[in-house]
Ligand code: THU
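Here we start with a single chain on its own, the form predicted on its own, put down as structure tokens.
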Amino acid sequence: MKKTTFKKLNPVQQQLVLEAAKAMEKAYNPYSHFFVGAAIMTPDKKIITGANVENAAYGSCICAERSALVRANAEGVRKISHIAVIGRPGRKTCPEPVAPCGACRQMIFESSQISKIDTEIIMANTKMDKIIIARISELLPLAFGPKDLK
């Protein structure tokens, strides 16, 4: 894992964080008021975004990362190379980077195995002065995925 800031990211990483921040504003979160946005990049440089969606039946909620992955799937895209995630509680700034939950890590891992790419995950705080970059293999070691079912 690498800690950095927005200014030190490469142009692709910066673009993904900015797209995730835009998506964050579209979150539907009437219960937690926690905004999360995600932006994924395909190997051919297409960007697909998602935001968290809450529901009164809490188990039906979907995180921003999974929202972006499901949207990509609906568009016929199953391979991703990068994903950026950013979030904040209400209108406050979030001092620490937001990281994917376990369910999101599993879905990112699945996509990683399909893509044959150790997907890069860029996790940002809202000030963008604290960013952590990691590979899915670091965030979900000893993962179970498609290759285990063959």
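So that there is no doubt, residue numbering starts at 1 and follows the sequence shown. What you see is a predicted model; the values in this text were computed from it and never measured.
Keep in mind that the form predicted together with the named molecule is not shown, yet the notes after this line are about it.
Contact annotation: T93 falls outside 4.5 Å of the named molecule in the predicted bound form, judged by heavy atom distances. Although the partner is absent from this view, S112 stays clear of the named molecule in the predicted bound form, with no non-hydrogen atom inside 4.5 angstroms.
None of the heavy atoms of V70 is located within 4.5 Å of the named molecule in the predicted bound form. Proximity of M123 to the named molecule in the predicted bound form falls outside the 4.5 Å heavy atom cutoff.
Contact annotation for 60-85: residues with any non-hydrogen atom within 4.5 angstroms of the named molecule in the predicted bound form are C63, A64, E65, listed in sequence order.
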